[in-house]
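We've got the same protein chain twice here, in two forms, each standing alone as structure tokens: structure 1 and structure 2.
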Structure 1
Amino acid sequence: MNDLIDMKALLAGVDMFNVSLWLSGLLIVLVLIGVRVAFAAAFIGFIGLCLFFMQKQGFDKGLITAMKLTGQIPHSKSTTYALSLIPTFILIGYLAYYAGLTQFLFEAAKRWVGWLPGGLGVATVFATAGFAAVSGASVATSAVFAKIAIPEMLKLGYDKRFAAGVVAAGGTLASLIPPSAILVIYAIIVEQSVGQLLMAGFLPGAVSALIYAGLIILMAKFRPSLGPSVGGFSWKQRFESLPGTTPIILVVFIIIYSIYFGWATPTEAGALGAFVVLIMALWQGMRWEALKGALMESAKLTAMIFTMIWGVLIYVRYLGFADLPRAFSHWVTSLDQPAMVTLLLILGAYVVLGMFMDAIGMLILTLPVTFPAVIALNGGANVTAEMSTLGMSGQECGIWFGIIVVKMAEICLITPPIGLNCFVVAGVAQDGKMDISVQDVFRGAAPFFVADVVTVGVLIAFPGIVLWLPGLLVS
């Protein structure tokens, strides 16, 4: 039987590497015209595979081979045990909304650190960091604290921009501190250890929170009108505030302890965490309608994330055939400039991209190409720390780069024009009849952008902050 189109002749002599560059350009066009990112990536991957096989097998056979190959990926890449962690982490986040944990956390943080200059701001940052330990969702964290913390800060005469900026920035801590869905996605896309990445996020998240707190204290010290301290709590009152935070401490303990000591798999740890938060939510009077809402949202977000994963993996499969990641790595390593400059340029590109793209979409689309390039920049996947360019082994570089890019993605949540955390804080504040505009939040968050740049600098200068905990896990 003759082919519908003689693709073998049509594609004879066509350089498939050049085709892959054109297709990557087409992918950008599709994303720009609003095709859902997961499907756009899968579509381009499928078209690429079609062209690749049609060149060798002709139109009909090539099309069938491409469809069969593409059709294996959604099932085979989604039904791995390691990925079962994602729905449990997502469920923890949604249930935490209903468990009343935020109020307890804020109250405890207020009593313990409220005496510092800008005390309520510092309390908000520590409370968001605590909430991040049960929620991997930055936007949700900002929304929930906008409702609790901003009214209280305004009541005490805090500057509205300052108060709103603290909440918007505090929300970004959720993606680094485990449980973090975005770190799990990174681990799956670039084939790194989920457990190690989760452990790796813990200290950088804590460092980010400390740098934020330091910035707030400095700002409030030099401009006391930004926010007064809140004193007068006795030690008894402080200790009385702690039992309400028990579920969070328990979840953190379960996840860290399980992964660290191999007591349970990450999925089991996530499930135990979700169970604790579920009991707490039911204890707080959560009813079926609310539980149903949490389950529907969890399932929706899970479907979205898995579609991203298999969609991008179809694209990655094609890129492998086209050899694009290796060619890009080769180009990056051949640049006549220090590796650190190239790395900073890549990170700068993330800041620009993040101004216009959703964090997960940005990471998932770029990682198949940037990850191998950064690993190559460091000297390859099997390089030792001594022989490497950036001072860490190939495996450590994979973990370290994950934390850095996730932090970059988080920064984009507070930068204009689409920094979603800022919009959400303004939306929730306006809903609560507070006079806070989006511009106010962006201005309030600007100093925290500087703090984030400092944090990234610290994590680049001292990779040990990222690598110490996962290093213990390996040893």
Structure 2
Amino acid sequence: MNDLIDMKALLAGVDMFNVSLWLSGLLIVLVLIGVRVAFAAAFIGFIGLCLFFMQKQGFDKGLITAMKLTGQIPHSKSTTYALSLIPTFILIGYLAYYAGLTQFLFEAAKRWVGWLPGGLGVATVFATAGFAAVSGASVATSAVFAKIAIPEMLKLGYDKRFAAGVVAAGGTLASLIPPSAILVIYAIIVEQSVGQLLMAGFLPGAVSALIYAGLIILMAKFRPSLGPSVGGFSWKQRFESLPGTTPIILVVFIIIYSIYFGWATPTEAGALGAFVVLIMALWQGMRWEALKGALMESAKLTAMIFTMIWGVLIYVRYLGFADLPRAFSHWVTSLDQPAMVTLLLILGAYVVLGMFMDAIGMLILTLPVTFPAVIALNGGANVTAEMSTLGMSGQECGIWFGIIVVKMAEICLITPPIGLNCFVVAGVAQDGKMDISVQDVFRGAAPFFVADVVTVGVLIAFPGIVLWLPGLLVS
């Protein structure tokens, strides 16, 4: 069949690598002007595939090949077994929230650590960490504790910016502490072990929570007006608060224990955790309206994440044909500077991107390029720890970089102008008639940016914090 346009001749001298650079730049522009990441990535990926195959096959055949490939990706990827873990993790969090289990968690944390300077802030961080261990969604965690913790802090005379910043930053812990949806997405995109990544996030998440708590204590110690302590709880009252936290502790134990000992795959552990929370919620008297709300919210968030994955994977498929990831890896490894300096530059780029993109969108757009580059920087996928540049084997580097880059994604949740957690906290506060603006939340969250940088530095300096638990899982 004669082509309407002789695309083979027209594109014969075109370098598809340069085209991929221009299209990637156009994708960033589309995202910055407000086009949804899923649709922008799918559009750019489809255009790139069309140009690539038209250069090889001509207009008609190239268009048909590109359309077939674009249509196959959503189906082939949505049937991936590992992806079924995402809705179960999300469902656990929403069931816990709608059943009122989060209120018990906050009350227990308040009674045990409220006596510290800024005690309610510290309690909020520990409660968000506990909820993160059953939620996996940062935005949901921030929204929940904006309703629970901020009114309590304001009643005690806490500075409104400080209170809002604590909640916004505490919500980010859900990105790192398992079960984490974003860690699962990372594992799928870069083809790493989901189980090892989930185990790897536990200790870094705990370290991050402790650094947040330390910052709150220091700030409240030197500026008592930020947040007074809460006293008056007897040991009896403290122990009486523990039974209400049992469902969440049980779910965390089931997920971590079953994965660690190999009794269940991560997907099976997630499903088992959701079932346990459901039984606990029904035991607590959860009504149909609450159950319906949990199911609907889980379905909405799952659909959003899956749509984003589908769109970006079309773009990723095009990048593979254009050979951009390999070329970028070669360029990074050829730089005449220490590997750690190059790594820090890559992480710095994530800080900048995080100011303009949401966490999941930023990762799934950049990982196809940055992940191969970091692995190559370390010495390759098959390198041993003794021969590597960064002191880790290829597999260990993939796990370690996953935790580092997800922590970088956490930072973008509290940095302007996008900072999704800050917008969520402000929205909930305004709905609750609290005098807290978006600007107040961003200002309150600013010190926690420093805390996140410290955490990243600790994880880079001591990679064993990340690799210890996954190492036990392997052995």
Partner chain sequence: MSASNVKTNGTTLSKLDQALFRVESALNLTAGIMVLGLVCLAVTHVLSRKLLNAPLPGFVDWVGQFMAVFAFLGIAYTQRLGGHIRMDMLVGRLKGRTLWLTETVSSFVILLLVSALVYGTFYHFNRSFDFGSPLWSRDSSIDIALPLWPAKLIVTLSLVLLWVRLVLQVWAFGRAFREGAVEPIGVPLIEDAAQLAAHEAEVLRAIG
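We call the rigid core the largest set of C-alpha positions that still match within 1.5 Å between the two forms. Here, a residue number simply tells you its place in the sequence of structure 1, counted from 1. Worth saying up front: this structure is predicted, and the values here are computed from it rather than measured.
Peer 1: Pick the form predicted in complex with the partner chain out of these two and give me its number.
Peer 2: If we ask which form is the one predicted in complex with the partner chain, the answer is structure 1.
Peer 1: Take the rigid core as the frame of reference and indicate whether the C-alpha of I436 shifts by 2 Å or more between structures 1 and 2.
Peer 2: After core superposition, the C-alpha of I436 moves less than 2 Å between structures 1 and 2.
Peer 1: Comparing between structures 1 and 2 on the rigid core, is the C-alpha shift at F462 2 Å or larger?
Peer 2: Shift of 2 Å or more: no.
Peer 1: Once the core is superposed between structures 1 and 2, does V29 show a C-alpha displacement of at least 2 Å?
Peer 2: Where the cores coincide, V29 still shows a C-alpha shift between structures 1 and 2 that is 2 Å or more.
Peer 1: So with the rigid core superposed, the C-alpha of W288 shifts by how many Å between structures 1 and 2?
Peer 2: Superposing on the rigid core gives a C-alpha shift of 3.3 Å for W288.
Peer 1: Quick one: CA shift at Q57 between structures 1 and 2, core fit, Å?
Peer 2: Looking at the C-alpha of Q57 between structures 1 and 2, the offset is 4.4 Å.
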